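Next up: just one chain, as structure tokens, the form predicted alone.
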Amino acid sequence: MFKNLKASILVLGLMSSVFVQAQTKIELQLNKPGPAIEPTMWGIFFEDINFGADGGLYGELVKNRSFGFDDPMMGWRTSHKDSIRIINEIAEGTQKRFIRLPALKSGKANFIQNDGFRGMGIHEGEEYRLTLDVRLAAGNAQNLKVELLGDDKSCIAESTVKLTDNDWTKVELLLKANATAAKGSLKISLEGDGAVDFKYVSLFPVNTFKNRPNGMRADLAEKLAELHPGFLRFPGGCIVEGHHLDMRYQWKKTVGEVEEREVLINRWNTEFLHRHTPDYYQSFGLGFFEYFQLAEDLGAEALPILNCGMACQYNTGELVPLDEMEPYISDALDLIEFANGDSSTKWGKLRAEMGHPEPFNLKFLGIGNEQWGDQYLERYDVIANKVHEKYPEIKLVSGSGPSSDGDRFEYLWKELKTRNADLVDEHYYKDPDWFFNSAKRYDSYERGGLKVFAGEYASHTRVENQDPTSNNNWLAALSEAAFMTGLERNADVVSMASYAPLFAHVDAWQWRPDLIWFDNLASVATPNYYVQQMYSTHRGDHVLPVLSDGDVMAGQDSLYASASVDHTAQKVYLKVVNSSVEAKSIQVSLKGGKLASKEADLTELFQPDLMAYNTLANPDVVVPQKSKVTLKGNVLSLEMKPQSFVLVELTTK
């Protein structure tokens, strides 16, 4: 359909002003509800890629706040680098690193300064909470002058901390900004003689999602909430695996006191040489407790993914011997206890101490990410059997490898049908043609067997454009909308689906396209985001048949359609995609039901330029437009523009 992208754009340009009215008749059967649609149907995939956690959703503004990077001063500047002392202290068997800031012999104020994650986003009139873990190292009482600096390095907020204690002391203060900065910074200057030790320096906006202290960045989390997700998958993704097993994601190191969590290099630090990011680490301030809490705040089911004893097979492919799998089994069993156990259990007690006495009510658990072959199945079996033995109510997600077809994919599906998996995770990063042509992918899948989790998908147009958001264009989103009609229609096979990746910082991305782009001050929803939102906020509880000449509408006459009914809300949601360069006149006959109103709500997503995309500077290039449409009798007439997507919301009796 769009094999030659340039040719497609040329055809569109030649025909955009020609609205050839082609009559198409389809039938929507209101009285024949089909498969149930799970509440988890449309969800969110989260991975700390593209500065998605540190520097993104996690509200921390200070990079390398505990000086735990391989280079302890990465992210920090000072008057004279030689004046800073890096000290490793052994306390209770644990090595703690801190820095010592001494007074300068010149009499000038020595300082440390942090520029954050490609700068700090600071909003005029907003308050910011600074947290310091400090002590006097030498000399008498000292003053620390604390400043927030603007883009021009002028002071836009200021305060003073007086230190009198030689023991480690936690200090908190609020700074109110009198100006906005996109590339701001934090500067702490030493006033007086002697020296001061810093173990932890943190800065958060007071305004966070759900007003949780030191929590999630509000605008990014609110965009997630506006998707009404059914689940939140975390922490990835390939980040679960690591280049080698020492770099794998270990959830137990991400819970407990935030200040005590061990920093780890991010696997996306050096994964792509063309997007080399040597300062990309994981602070784990956004750890498993915070993920569970975020899922709860979003009204979504938590879906954690655990390492299965294998490093990424595209990297080292390192394996844990089968007789040494106990730590991986324990990780799974202990995580369920952490999420669901009462406070009398070891891990349930920790959850309660962290501020959540009630269980999180975990229902799903993923074992492995994109592994393949016998080595994956062997390790999956070891963990899955133990989980099902102790927690038979937990639904397990297994993988089908990194591709949507091929020998590895077919082999895993064949083998998993004989095992106790509940869902099989399928991934597809393909071009628009694949998405248009795969709308019937699940029509032929076996019924009554394993459910599909479409865990990672995105249409890739691979546009050679320096603007990072350009690959999230209307063509990609339109093809996803067409494909998703097939996901919805086959809700008896597909019970979960999520676009990936989720977030990307415009100045620090490794992978594109991505659902939401942001800088230090603002964020922008992509056309792909709006497609996801139109589905997820109009899910329904059962599929309704949409037929053309007795067949499902999946590409005939360049049209794609699906429908659902929400019995509680007494709503019917019809979604239609026109992938043609021609306009379409569609007659929808409503069969077997009565409407409470002859007027329906219509939401249209359309842009005449297939390569159009939203940016931070121009966020409304491709956005949904709302209007009304009136029915005549039991017929709904839709006049669809070329290459458009519409959602019709009908009210039933």
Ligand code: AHR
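No experiment lies behind these values; they were computed from the predicted model shown. Residue numbers here begin at 1 and follow the sequence given.
Although it is not shown, the form predicted together with ligand AHR is what the next lines describe.
You can rule out all but one of 392-400, 107-115, 579-587, 497-505: in the predicted complex, only 497-505 has residues with a heavy atom within 4.5 Å of ligand AHR. At a distance of at most 4.5 angstroms from ligand AHR in the predicted complex, all three residues 47, 370 and 429 contribute at least one non-hydrogen atom. 511 is the sole member of 511, 445, 530, 434 with a non-hydrogen atom lying within 4.5 angstroms of ligand AHR in the predicted complex. This chain is drawn without ligand AHR; in the predicted complex, the residue among 268, 292, 573, 251 with a heavy atom within 4.5 Å of it is 268. Proximity of residue 238 to ligand AHR in the predicted complex falls within the 4.5 Å heavy atom cutoff.
Proximity of residue 301 to ligand AHR in the predicted complex: non-hydrogen atoms within 4.5 Å are absent; the residue sits far from the partner. In the predicted complex, none of the heavy atoms of residue 480 sits within 4.5 Å of a heavy atom of ligand AHR. Interface membership of residue 456, defined by any non-hydrogen atom within 4.5 Å of ligand AHR in the predicted complex, is confirmed.
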